[in-house]
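As a starting point, one isolated chain is supplied in C-alpha cells, in the form predicted on its own.
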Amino acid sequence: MAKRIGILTSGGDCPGLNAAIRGVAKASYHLFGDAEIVGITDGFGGLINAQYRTMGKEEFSGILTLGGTILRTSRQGKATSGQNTGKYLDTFKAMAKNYEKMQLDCLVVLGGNGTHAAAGILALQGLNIVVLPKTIDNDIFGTEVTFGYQSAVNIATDVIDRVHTTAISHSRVLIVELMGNTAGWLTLSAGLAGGADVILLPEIPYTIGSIADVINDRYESGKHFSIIAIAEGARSVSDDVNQNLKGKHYSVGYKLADDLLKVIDIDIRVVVPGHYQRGGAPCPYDRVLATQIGVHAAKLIEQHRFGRAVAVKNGVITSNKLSDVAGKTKTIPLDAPLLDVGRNIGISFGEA
C-alpha cells in the first residue's frame, strides 16, 4: 500500500519552505518507492475546505532555491491557533474529516507557533501528524533554530549595513524596525551582525532616556550618527503592552522616533523593511537545514513516529513530542550569551 502523505504550509511564508517540501517528497520517494504526495493548498484553509491534489514528482524539481511556498499559505487566526479550541471544534472536526476523505496515512505540516498548536490539536484527534519548524522569528520552543531564520538575518543585516552610509553622510539617527512581535532573536542577531549601537527587544523594556544618553554620548565623542535596531514587539517601560499603534504611531519605529525627538535635537529617519525580510530565495544555510528537516520528517513517517515536531538540538536534527512544544514560545532569556556579548562591546539594550 502506498504511503499517502499530505503536506501543507501554514502561517507566514519564509525562505526555505519549498526546500523543506522538496526534502520531504524526495526522501519519501526514496524510502517508500510508491509514495504519493498530496499537496494541500492555502494552509489549514485548504484542509478545512478540501483543497488538494496529488502531486507529480516533477513538481519537486527546481524548487530548492525558490522563495515562498508552491502550496501557498494562509493565516486562519484563532480558528487554528489552539485558542478557544471549544469554540472552533467544528473547524477541527472538518479538518479531521477531510484528512480521512483524502485517505492520508499522515500529514506533514510546516509552520510556526500557531501552526504547532493547531497540529497538536489534530494529533489529539487521532491524526498522524509530523510538524516542521519554520519561522523567521526563531521562536519555536524546543529547537535551537528554525529554517527561514538565517535568511531573514542575512536580509535584515544587509538593511542595517546599507543605512550606515546614509546615517554617516547626514549625521542622522537611523531606526531600523525589524520583525519579531514576541521574541527578538532576529533583531538581536541582525543588530549584532550589522553593528547597531542600540538594540531594542520585546524581552527587555527600554527607557527613552537611556537611548538618548547613548546618542548624545556618541555625538560628543565625535560619532555624529547612531543606528538603532528595534523589534516590532519592543516596548518602553511606560508602554501598555496591549497598546494600539494605529494612527499616528503605526509602528514602534515611528513611535520611538517621535519619543526621541522630544528629548534630543538630532535628525532621525525610520526604515521598515517589513515583508522584504520574508521574501526571496533561501540562503545556502537554510537550503541545507530545510532539506535535513524534510528528510528527517520522512524518516519519522517511515518509523511510524507521529505526533512529533522536528527540531535541532546541539546541532543535530531530531524531534520532540508535539504535545511538549505546541503552543509554547521561545523568547530570549535575560541571561542569554548574546546579550552579554552585546553589552561587552558597548551595545545598549535600552535598559535604565
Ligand code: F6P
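Everything numeric here is computed off the predicted structure, so don't read it as measured data. Heads up: residue numbers just count along the shown sequence, starting at 1.
Not on display, but discussed next: the form predicted in complex with this ligand.
Proximity of Thr115 to this ligand in the predicted bound form falls outside the 4.5 Å heavy atom cutoff. In the predicted bound form, at least one heavy atom of Ile136 sits within 4.5 Å of a heavy atom of this ligand. When contacts are judged by a 4.5 Å heavy atom cut-off, Asn181 counts as touching this ligand in the predicted bound form. Not displayed here, this ligand is kept clear of Glu203 by more than 4.5 Å at the level of heavy atoms in the predicted bound form. No residue in the set Asp34, Lys57 and Lys299 has a non-hydrogen atom no more than 4.5 Å from this ligand in the predicted bound form. Exactly one listed residue, out of Asp259, Asp105, Glu232, Asp158, brings a non-hydrogen atom to within 4.5 Å of this ligand in the predicted bound form: Glu232. Of the residues given (Arg218, Arg172, Arg278, Arg72), Arg278 alone sits with a heavy atom within 4.5 Å of this ligand in the predicted bound form. Considering this ligand in the predicted bound form, the lone stretch of 264 to 272, 191 to 199, 119 to 127, 173 to 181 in range is 173 to 181 [heavy atom distance within 4.5 Å].
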